[in-house]
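Coming up is one lone chain in structure tokens, specifically the form predicted alone.
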């Protein structure tokens, strides 16, 4: 008997879910994505390349009207999320970081080894000649800094679409519907029976997987009137603070090359170098300081209205927990130490901490630093935990109190991973889909 699965969202989780479910010939899978397709042989050069800033400028590849408040009391600003087949894997920095197995063990995930082994994303380090001026300075300034693996093959980005969907081209039991927005999940009693598209069309299904990301998954579930007060609550991201580097005259900078090929991780802190800020901002680079183990979990995603085209109201409430502010303050001291090293002094003329020309040297005592962090702190575009396990879904990704509806993206992490979220989300999807296939097989045989 054929079982029809509808997967909503073709990002890091949705590509894996659709691919793994399609491997079972008893499944018919329809993958629905709000944004444009990404087909072999027609990938825009900017997405294929090393400059993720250029990739994010590709038309239709981000949600241009999506905004979010980072810190309570500050204004909402654009929040960058990948859109289209491949999701954020088409525009991210390609950092292939797996995270700390201790955290996964604390969550009760004892099967991560099998999930990592199943993962189809390639990993490679950049060639030494590709490393930019900030990469080289960071590697020279700190013995703890290291080159980072990237999700690339032969120097080209490999998206989740390429890794998981392209090998299935021509599969008769997989149907891809790009440029198709979903309004809500349809239910009979509390069993999912399909989805309703934004254009009013209904798509019937035996099982529905929502993989639209930690912002748009709760949005769809909220429009579906699911009786669970936890939906959209507990939203997290990694708080960050920018240090803009103005290079000395004569510094050789490749303004469209690899943005980041190295990283520094010390305890709860990560320092990401950015070798350039794009062709529109020549002579500038960045050190981005981020807190990778935040305590605060009070953010939220709520509806702005019933219109499926309306973006939700997103409030992160970063640094509300004083412990997070204290750790990030220590990170400021770390960055200052790095910038005092000869490798940075040779290339950096000035360091700016805001868009008004304030220099790092003007930051004084802890009170000033805290005030600055609260004013300028951003995110790491790592939204997570807005439909967390234990609050909204069970440990198999099934929405609590309902049947036939699953969630498979970063929204279900019990708390934010202590690392960049692309690879953990891919691993999560490998775990969940392996469980679903077993469950589906038992259901069919029963």
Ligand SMILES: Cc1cc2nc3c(=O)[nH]c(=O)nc-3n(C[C@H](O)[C@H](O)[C@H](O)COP(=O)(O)OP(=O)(O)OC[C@H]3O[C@@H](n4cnc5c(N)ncnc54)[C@H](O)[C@@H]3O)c2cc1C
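Bear in mind the structure is a predicted one, so any value in this text is a computation, not a measurement. Residue numbers count along the first chain shown, from 1.
Below: the form predicted together with the ligand, not depicted.
- In summary, among the residues 232, 294, 132, 82, the only one with a non-hydrogen atom within 4.5 Å of the ligand in the predicted complex is 82.
- Of the residues given (212, 208, 161, 245), 212 alone sits with a heavy atom within 4.5 Å of the ligand in the predicted complex.
- Annotation: in the predicted complex, residues 18, 393 and 431 none come within 4.5 Å of the ligand through any heavy atom.
- Heavy atoms within 4.5 Å of the ligand in the predicted complex are found in exactly one of 405-413, 22-30, 66-74, 42-50, that being 405-413.
- Interface residue remark: residue 338 is not counted as part of the site for the ligand in the predicted complex, having no heavy atom within 4.5 Å.
- Using a 4.5 Å cutoff between non-hydrogen atoms, residue 288 does not count as a contact of the ligand in the predicted complex.
- Shown alone here, residue 420 lies within 4.5 Å of the ligand in the predicted complex, counting heavy atoms only.
- Taking the partner from elsewhere, residue 92 is found to have a heavy atom lying within 4.5 Å of the ligand in the predicted complex.
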